[in-house]
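One chain follows as structure tokens, the form predicted on its own.
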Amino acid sequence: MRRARFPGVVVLLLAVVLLLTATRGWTQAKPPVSVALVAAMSGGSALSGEAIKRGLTVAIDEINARGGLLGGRKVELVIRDEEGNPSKGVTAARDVIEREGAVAVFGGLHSPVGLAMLPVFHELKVPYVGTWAAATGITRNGRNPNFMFRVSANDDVVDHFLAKHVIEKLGRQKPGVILENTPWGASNQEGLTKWFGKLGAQPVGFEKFNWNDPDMSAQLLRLRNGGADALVMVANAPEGAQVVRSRAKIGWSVPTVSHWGISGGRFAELTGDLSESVVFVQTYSFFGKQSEAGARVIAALKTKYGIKGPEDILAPVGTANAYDAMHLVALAVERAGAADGARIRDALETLGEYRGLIKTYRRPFTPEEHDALNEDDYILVTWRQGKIVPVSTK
């Protein structure tokens, strides 16, 4: 009797083994789709990196909850800290592509890092998608095919936006400009020179500073003595704070308009009430009536990161840009039909309509235009009690 049943047990055991083997093989056939964030996660601009990470992870959670990409492959985020250092950014970009297999890389706050990494993405044929850095040359780089995309501001467009505000809204004709002595600063000097000139205004001067400079009084005194009736600032949070504190130190009360780098760090903390004297550009506000996507993102941030409301969202521009950028990349992966950087690049140029957080993208990218946002997507904001709020809420 026992011998008679034994073959049946063997067959059953073999069936179980085969089933487990088949299941394991099926699981192994569905590796994750790896994407990467290379951004400043430490130092004076760490807030920007954290904001971008949050936007990406909220979008990735949504994508994975729907079943992932390419028939069930989960999206996995790899993060590297470039510390605002171009050479570290280059090393990190190679690492996430060559060792981690990232098929798309999201960039952070610093334009010099984005520009330094540009050759890597073209060499390794993996798309870069900027979520903050605004230097015009990141996307308008003369490469064909071009692997650099952006869901963020473009300096040339921002400069037009800021120049129009100074001339048409503030009614000033003699702006002074202070900017960082980097490729990002040079990008904005070119744009502001062009747009102020076209609007009939002549800046009284362009003053520069280096990262970590402790005082900008001398530069500001030259602009004030030159007759500047408005101040345009291109700076990140640490140096921007020094500009504003130096402006107060010399007793100069002048309308101050800034690019958005100051929102990526501890600017409000470093300047206190002085922060409320600065108006700056953003691409999105979580205040006011929200779209379905906006309400969904706020709810997810409350659940995942414990925020209480829009006033607690770190550097909203980074969160919003990154959220939309991740969803656009996901659409490109599906359109490409493969986790392959070159094919994803091609797919990004042919995407159709996507109803995002910032706006409904009719066709976010084309072979001629790799910036998904334009001047119509910009808003002006300021600080109120350390929180970024729209200027209209004054």
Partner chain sequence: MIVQLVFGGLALGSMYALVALGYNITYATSQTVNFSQGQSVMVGAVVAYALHVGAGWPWVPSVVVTLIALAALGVLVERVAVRPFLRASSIAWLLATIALGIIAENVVMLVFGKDARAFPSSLAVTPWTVLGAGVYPHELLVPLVGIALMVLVELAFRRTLAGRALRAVAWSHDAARLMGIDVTRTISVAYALSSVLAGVAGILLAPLLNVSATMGTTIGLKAFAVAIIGGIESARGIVVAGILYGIVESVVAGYLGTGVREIIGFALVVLVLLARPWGLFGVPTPRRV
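Here the structure is a predicted model, which means the values were calculated and not measured. Positions refer to the first chain, counted from 1.
Only in words, not in the display: the form predicted in complex with its partner chain, which the text now covers.
In short, of 211-219, 158-166, 145-153, 227-235 it is 211-219 that has heavy atoms within 4.5 Å of its partner chain in the model of the complex. Of the residues given (L170, L270, L77, A300), L270 alone sits with a heavy atom within 4.5 Å of its partner chain in the model of the complex. M41 is the sole member of I358, A347, M41, I63 with a non-hydrogen atom lying within 4.5 angstroms of its partner chain in the model of the complex.
Heavy atoms of every residue among Q242, K249 and R266 are located within 4.5 Å of its partner chain in the model of the complex. Looking at A46, you'd find a heavy atom of it within 4.5 angstroms of its partner chain in the model of the complex. Among heavy atoms of L314, some come within 4.5 Å of its partner chain in the model of the complex.
Of the heavy atoms in N181, some are within 4.5 Å of its partner chain in the model of the complex. Compared with the form shown here, the Cα atoms of S87 and Q242 move at least 3 Å farther apart in the model of the complex. In the model of the complex, the Cα-Cα separation between P112 and Q242 grows by 3 Å or more relative to the displayed conformation.
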